[in-house]
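Just the one chain here, laid out as structure tokens, in the form predicted alone.
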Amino acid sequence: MTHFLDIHKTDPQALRSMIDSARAMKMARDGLPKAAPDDDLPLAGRMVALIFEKPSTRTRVSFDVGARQMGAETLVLSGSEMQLGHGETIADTARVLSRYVDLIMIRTFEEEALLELADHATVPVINGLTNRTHPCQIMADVMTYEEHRGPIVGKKVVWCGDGNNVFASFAHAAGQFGFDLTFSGPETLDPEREFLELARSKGSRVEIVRDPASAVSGADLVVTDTWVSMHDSQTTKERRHNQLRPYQVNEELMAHAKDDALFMHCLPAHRDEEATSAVMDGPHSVILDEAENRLHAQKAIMRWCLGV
């Protein structure tokens, strides 16, 4: 079964093929209305289940629109509708859904739910996000970088902030796509060592640099993400803000990067917290291209999973 669960679990040649396919599909749609079908309808007659235990804007819209553009029908299910694992077991849910649909995308909390669903499904499963990783986002980010600056291999990517699930997938991508990665953030929010060591084992240079200005020096790409989750308590939010304030991406920090460095943020953003509006709306920023490319990258992922 061809699942897309994490970047490091997918062959590098397949990842490259998906990026190339995404760019080709994006170019082919240039000038078309958003609801217009693709010239090729590789998912015609297919049913795609989109499961959201976590709320979503970009993931929901981009998967739904992408599937429809390729000719598929979609079934969107929320966590309250599914009660995934709280009544029927995840394994039985996977087996039953596999009788109804051709492909399952799930955006959930615990990685274990994703893995159990994939273990028991007889159709492909896509990781739309877990608390641990966010591979679809980083596929879009690699696509976006290469649109603007060419191959990402050998480039220096710097992450400022919390070593969260988005950073984890960047670490996976570093090893698979061959770029170097620097993490800059407080020790209390370091990423899992497993992610760093995996990238190093593939030959990527991976560093932790506490001083953000030193970390960003010579960067080709600077990336950040929100400091707090929608589920964090007020006390947790205040503590995180105090820890992460020195790692805000602002114009002064971006000045340490290369002159043609890009800035990314997967959104949604808390403007003037993790990054200033001057950076987010400035000449280095490609955040809207990055958001759009979720659509194209995920279309390529769906095609790869179904072998079409």
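A residue's number is simply how far along the shown sequence it sits, counting from 1. Bear in mind the structure is a predicted one, so any value in this text is a computation, not a measurement.
Quick note: we don't show the form predicted in complex with phosphoric acid mono(formamide)ester (CP), though the next part is all about it.
Label the site open or blocked after overlaying phosphoric acid mono(formamide)ester (CP) from its pose in the model of the complex onto the shown form by the C-alphas around the site (blocked when 3+ ligand atoms sit within 2.4 Å of backbone or C-beta).
By the 2.4 Å criterion, open.
Which of Gln69, Thr59, Gln243, Thr276 has a heavy atom within 4.5 Å of phosphoric acid mono(formamide)ester (CP) in the model of the complex?
Only one listed residue qualifies here, and that residue is Thr59.
Considering non-hydrogen atoms and a 4.5 Å limit, which listed residue (Pro37, Gly282, Pro42, Pro55) is close to phosphoric acid mono(formamide)ester (CP) in the model of the complex?
Of Pro37, Gly282, Pro42, Pro55, the residue with a heavy atom within 4.5 Å of phosphoric acid mono(formamide)ester (CP) in the model of the complex is Pro55.
Using a 4.5 Å heavy atom cut-off, state whether Arg294 contacts phosphoric acid mono(formamide)ester (CP) in the model of the complex.
Yes, Arg294 lies within 4.5 Å of phosphoric acid mono(formamide)ester (CP) in the model of the complex.
Is His172 close enough to touch phosphoric acid mono(formamide)ester (CP) in the model of the complex, meaning at least one heavy atom pair within 4.5 Å?
Contact check for His172: no, nothing within 4.5 Å of phosphoric acid mono(formamide)ester (CP) in the model of the complex.
Taking the shortest heavy atom distance, is Leu267 within 4.5 Å of phosphoric acid mono(formamide)ester (CP) in the model of the complex?
Leu267: yes, in contact with phosphoric acid mono(formamide)ester (CP) in the model of the complex.
Looking at the partner-bound form in the model of the complex, is Gln137 within 4.5 Å of phosphoric acid mono(formamide)ester (CP) by any heavy atom?
Taking the distances in the model of the complex, the answer for Gln137 is yes, it comes within 4.5 Å of phosphoric acid mono(formamide)ester (CP).
Pick from 42-50, 24-32, 259-267, 245-253: which stretch has a heavy atom within 4.5 Å of phosphoric acid mono(formamide)ester (CP) in the model of the complex?
Partner-contacting stretch among the options: 259-267.
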